[in-house]
Structure formats: structure tokens, C-alpha cells
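Taken one at a time, structure 1 and structure 2 that follow are two forms of one protein chain, written as C-alpha cells.
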Structure 1
Amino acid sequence: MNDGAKNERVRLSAEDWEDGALALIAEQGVGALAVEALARRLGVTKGSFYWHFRTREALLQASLERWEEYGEREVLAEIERIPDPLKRFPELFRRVAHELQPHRVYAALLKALDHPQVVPVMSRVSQRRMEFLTRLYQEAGLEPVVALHRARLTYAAYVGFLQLNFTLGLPRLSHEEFDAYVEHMIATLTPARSTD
């Protein structure tokens, strides 16, 4: 996946640039997304870039939208197929927990929220996910207001965890510790089975 030796010819498309941008963002953050740097990375020069995009801003925008679109059809649909609402939470949490790769970009974007362009994207994504969680909690028997609060709490815990363990290097969890933590989350945040 690296460039290795100079490939005889490269011929890039706009999508190649967007993917390259996302990779660079995941590795070094949004601030590191510079036209010439990315061009070097892809084995070409600026001249190429400005054929595909009118501006650097346009590239960032396109990359973010590409990421947003891609991450949309995710685990969510499969979760809803589980009949027992209470059994959805363990499954959801475990799946999300073990798909750490797609979270790389999300974490990178989280720590780049001072760049104005990423805010609306993250806002939309977070909003949709929280609405999904709220529905799940409602179907598990929580009152609408309580369900909203619980969804907020759950998603905040998710976001905060990414920050604390990806970005900050807080004492690296081992696999076992991480799994145990996830189970603790499940136990704490899954609603009790209703008594009526």
C-alpha cells in the first residue's frame, strides 16, 4: 500500500486524492493536510491536484463527505434485526468496540474540531447516531425523555473514550482490560428488563 519504488506511471483520479487525504488526516490530523505534501505522498505535484480540485478547501470538503457517506450504512441496520431490544446493546457495543479501524478517522476528526469545515460533518454524524440510540433505548422500554438522556450518556461515553484512549495516550489498555471495560459499559448502560 506504500509507494515503494516510483511506479512507472500513476494517473490519479479525484477519488484517489480524497482517499489519500483521509489517510493523511487519520495519521497526522486535519492540520497536516497540505496540497504539496499530499502530492509528494502520491508521487505527483501540485499541478495534478489543481486539475482535480479547485482549492484545498474543496478537497477537504469532498473527503469529509466521502467519509460521511461511507460510514453511513454501518452496523446499525444489522442491530435492528435482533428481535429482543435488550439484547441489542451488548451486540452493538461489542461490534463497535472491535471495529477500531473505522474509528481512526472519527478520532482524528474529533481532535480537529477547531477546523470549521469538520464541525457540520461531525455534527450530522453524531446527531444521526444519537437518534438511533434513542430509538433503541425507547424500544427497550425507557420513557422517551429517559431514552434521550441515556443515548446522550452512551454516545458521550463513546466519544470521550476515543479521545482518552486514541488521542491521549492514557495507559494503553490491554485487550483483556478493554474487553472487561466494554462489559462494564454494557452492564451499566443497558436498561434493566421492565418489571411490568
Structure 2
Amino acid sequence: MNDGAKNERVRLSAEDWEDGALALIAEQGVGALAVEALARRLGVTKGSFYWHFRTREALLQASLERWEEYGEREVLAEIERIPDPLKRFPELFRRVAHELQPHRVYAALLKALDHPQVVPVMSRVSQRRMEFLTRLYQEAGLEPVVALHRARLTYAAYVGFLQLNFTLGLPRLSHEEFDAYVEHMIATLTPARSTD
């Protein structure tokens, strides 16, 4: 093995390839993910890829699982640690609103729902997010059926916003307009504190 190939293997981890794949998916979609193009983008040879993955499909699967895990570990778990159920909503909405890369990946995956590797991941992610939102609304005092409806409305607002902005390419909001929109979402979708 020559030193160049050894250095590439040491320098790039499987996680580096996964992150690169997610960035490429976010920018150009699932169909654009190709080993050679990604290797060029990462500044290494294709051989470096094969130290970590056997196929493009293996990289795609690992990348999707990494994206899925990030949402669970970094976002949902942190929100659950907030003791006051009503304070969770503003934190959730603000946190999610400013996570641009995961939004772009999600929007790209929405366009690839005919891909056999994407469908199960999106199904799991959507199911867990709906369960999470429903639980948050119940813990905030809403009856189970109302909590489920509010969770659907909240999740639909998120997916719809991504579709409008990333898929349909509506004019971008300025930072001020976007922040005002997020604050409106918080005011509209956060349950009122009970006066009991």
C-alpha cells in the first residue's frame, strides 16, 4: 500500500464519508450520490471509500441512519430534558428552525420517496416525530385526541414549509421575516397554560 492511500484512509473516517454524502444529498438530491463524485468533492481517491463501505447503497444507508440518529439524539432528547412541558415548544421550534442542513436533507428525501432505501427511514422518522409531538402536547395538558391533532398540524406545518421553500422554490424569507414566522408558529401551536 502506498503512503497516499494509507493517509487517505486515516484522514477520512466513515463518518466523514457519511457527512459528505448528506451534504451532497442536501444540495443535489439522492440521485446525485455517486462514489466518484463524492471522492472528488472530498479530495480523495475512490479507493479511500472502499476502506469503509462496500457499495454506494451501503454509504447511503449509513448516511440516512446517521441523519436519523442525529434528529433523535441531538434534538428530541434535548427537548425532553426541559422540565416545563410548555417551555419545550418554543425551544423545539427555535432549535428546529435554525438547523438548515437537516432541513435540506429532509427536503431532498421528500423528493426521493420512490427510493427503496429512503422510504423506511422517512417512515420511521415521521412516526417517531409524530409520537414525540403527541406526547409533548399530552404532557402540556391536551387530551389525547386533541394532542394527536395538534401534533399532525405541527408536523404538517414543518413538512409544508420545507416543500414550499426547498421543493417549490418560493422566494426566500429574510432573517427578520423567518424569525417572525417562527415566533408566529410558537404563539399559534403552543398550548395555553391551564388556569386550573
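Each residue is numbered by where it sits in the sequence of structure 1, with counting from 1. C-alpha atoms forming the largest set that superposes within 1.5 Å between two forms make up the rigid core. If you're wondering where the values come from, they're calculated on a predicted model, not measured in any experiment.
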Which of the two shown is the form predicted alone: 2
Cα displacement of Ile186 between structure 1 and structure 2 reaching 2 Å, rigid core superposed: no
Core-aligned C-alpha movement of Arg94 between structure 1 and structure 2 reaching 2 Å: no
Shift of Val159 between structure 1 and structure 2 at or above 2 Å (CA, core fit): no
Per-residue Cα shift, Leu22, between structure 1 and structure 2 [Å; core superposed]: 3.2
